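Here we start with a single chain on its own, the form predicted on its own, put down as structure tokens.
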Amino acid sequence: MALRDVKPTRSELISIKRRIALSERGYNILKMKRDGLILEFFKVLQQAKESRGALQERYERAMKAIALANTVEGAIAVKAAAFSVRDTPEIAVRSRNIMGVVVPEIESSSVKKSLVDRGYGLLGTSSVIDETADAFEDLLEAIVEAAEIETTMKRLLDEIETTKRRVNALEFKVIPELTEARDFIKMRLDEMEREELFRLKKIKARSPS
């Protein structure tokens, strides 16, 4: 289609200007959201580093404790003590919101137990069993905490990537294309006005005075 065949209207120009303004507002909002999410992500990342360190430390302590317990008490006695636990831990998962991102909030109960609540007899076991149980209870608490933090970090990262794609799409595709269309429509409207003015002048020149 030839350039002269395209005849836009003033209403089209107004409409596209509104779309540009809306896109620019959306771009600014998404950009602020992206920057805020990045700040939150780095906060959670620091927590994740600390959580991983604690998890590794408690894992190593638990492995040493179980190895010692197996040596001192024997594997059968250790398993018997483990199976005697009646009150198993309970995990409750709730949700919280970080800048529009729903992340888990995990609460655990009945993880840390007293000597009596562990179920095995105090007379038939040594303190090695108690220390092993304590080490594994600490490990379970660290696992629950790490699960919450790692899931939160992943969801924030996913939302950052999604928001970045939207920001880039607006900045490098949508807004430039709308701006180009606006400029083209404005140019054609100006040309059409000049053509109409020229046509009216010709008509006036041909009219008898």
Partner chain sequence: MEVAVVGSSEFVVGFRLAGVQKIYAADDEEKLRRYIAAVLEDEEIGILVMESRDLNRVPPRLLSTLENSIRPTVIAIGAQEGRMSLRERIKRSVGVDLWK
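No experiment lies behind these values; they were computed from the predicted model shown. Residue numbers count along the first chain shown, from 1.
There is another form of the same protein, the form predicted together with the partner chain; it is not shown, and what comes next is about it.
S.K.: In the predicted complex, which of 179-187, 150-158, 22-30, 166-174 comes within 4.5 Å of the partner chain (heavy atoms)?
M.R.: Of the options, only 150-158 has residues within 4.5 Å of the partner.
S.K.: Does Arg52 make contact with the partner chain in the predicted complex, using a 4.5 Å heavy atom cut-off?
M.R.: Yes, Arg52 lies within 4.5 Å of the partner chain in the predicted complex.
S.K.: Contact with the partner chain in the predicted complex for Arg96, defined as at least one heavy atom pair within 4.5 Å: yes or no?
M.R.: Answer no; every heavy atom of Arg96 is more than 4.5 Å from the partner chain in the predicted complex.
S.K.: Checking a candidate spot here: are Ile66, Leu140 and Ile143 all in contact with the partner chain in the predicted complex (at least one heavy atom each within 4.5 Å)?
M.R.: Heavy-atom distance to the partner chain in the predicted complex: all three under 4.5 Å.
S.K.: Let me know which residues along 70-88 have a heavy atom within 4.5 Å of the partner chain in the predicted complex, or say none if there are none.
M.R.: Residues within 4.5 Å: Asn70, Val78, Lys79, Ala81, Ala82, Phe83, Val85, Arg86, Asp87, Thr88.
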